[in-house]
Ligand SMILES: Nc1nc2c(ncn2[C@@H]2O[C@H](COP(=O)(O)OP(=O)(O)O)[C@@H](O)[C@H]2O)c(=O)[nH]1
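Quick setup: one chain, the form predicted alone, written in structure tokens, and binding and motion questions come after.
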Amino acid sequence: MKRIFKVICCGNVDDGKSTLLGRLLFETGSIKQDQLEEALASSIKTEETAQPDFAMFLDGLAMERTKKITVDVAHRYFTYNQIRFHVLDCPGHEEYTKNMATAAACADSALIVVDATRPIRAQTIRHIEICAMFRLKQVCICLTKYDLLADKSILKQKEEEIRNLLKDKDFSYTIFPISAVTGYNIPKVLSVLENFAEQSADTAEKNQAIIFHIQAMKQLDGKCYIYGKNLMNRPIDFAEGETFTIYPTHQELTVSAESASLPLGCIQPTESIDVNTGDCVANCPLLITNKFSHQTIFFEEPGNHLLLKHGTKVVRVVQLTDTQIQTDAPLFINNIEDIKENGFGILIDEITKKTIGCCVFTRNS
């Protein structure tokens, strides 16, 4: 089974993200023949180039094709040197920042595109801040459209600007120019992503935390089945006899032999047990609290009535300051630095039900 590595791809609109991802799919043999023929035919018709329009490999939605923008997070896949890459392709427009933020929460690493021919845009800076907030440790920054840059000496200045943006970030990063159209440095992009995946695999082996947020419980033929949401960015195989703690009651749950054959998102304990939606099953310590420090980014001006969704649990925000959030009921969380997957929440306007922000839990107050 190939290892799966999640990468968020982001950057300002028109900076060349779709062309880069299309090129990566092309280079790794991930394009279907009919897609390739369509892209080649389109390029010939417009007399642009003898090469395919690589961006056409991505924008499948009619709305995206018409507007030539990405409007939602799309999922792209390719395999390189026995590593299966899952790319979360994010929209570049400011109004879709929330899509990018929710993708960053699920990613292992980031691929950020910056147009080398233009000044660095505010949305690029915003994306860098979000990647930092969600503690992405590995970032590859590609200075795109190298083939269109008449004065190559500008690259040093551009790299320095980016380094200044990253100097207070806890990133392991690399910066280099590319041209997705000509293929310049595309092998280097793949090599860097491969290296990120190898480093991430070493970290993942050390992190054996399992956190499972409960959605429902059912009794069937005298047996108890617990359904929920796996928060970890990897498959969970529940083994017979494994024991877990249920939060907030601290009851013990022992996994039955049947759990191994159940669908993902379902556990069968050896004995019936009382649980509620929003409770948590975990093999690691969780913090039970309704008051915590945070970092938050809002996508629009917050109203006076906010909800905070964490896993499967939704609570009301009763107090929000620049550094602290207090809710009307406790959550079962971890510090974002300790277990990222359990260290963030989504802020929702209680009146409109719109997602208006996201936060990470930084420490207990």
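Numbers follow the displayed sequence, beginning with 1. Predicted model, so just to flag it, every value in this text is computed and none were measured.
Quick note: we don't show the form predicted in complex with this ligand, though the next part is all about it.
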* Structure fact -> In contact with this ligand in the model of the complex (heavy atoms, 4.5 Å), from 141 to 149, 192 to 200, 267 to 275, 283 to 291, is stretch 141 to 149
* Asked: Taking the shortest heavy atom distance, is Asp14 within 4.5 Å of this ligand in the model of the complex?
  -> yes
* To do: Indicate whether this ligand has at least one heavy atom within 4.5 Å of a heavy atom of Ala55 in the model of the complex.
  => yes
* Asked: Hey, in the model of the complex, is Val181 touching this ligand, heavy atoms inside 4.5 Å?
  -> yes
* Please run the contact check for Asn342 against this ligand in the model of the complex: heavy atoms, 4.5 angstroms, yes or no? => no
* Asked: Is any part of 318 to 340 within 4.5 angstroms of this ligand in the model of the complex by a non-hydrogen atom, and which residues would that be?
  -> none
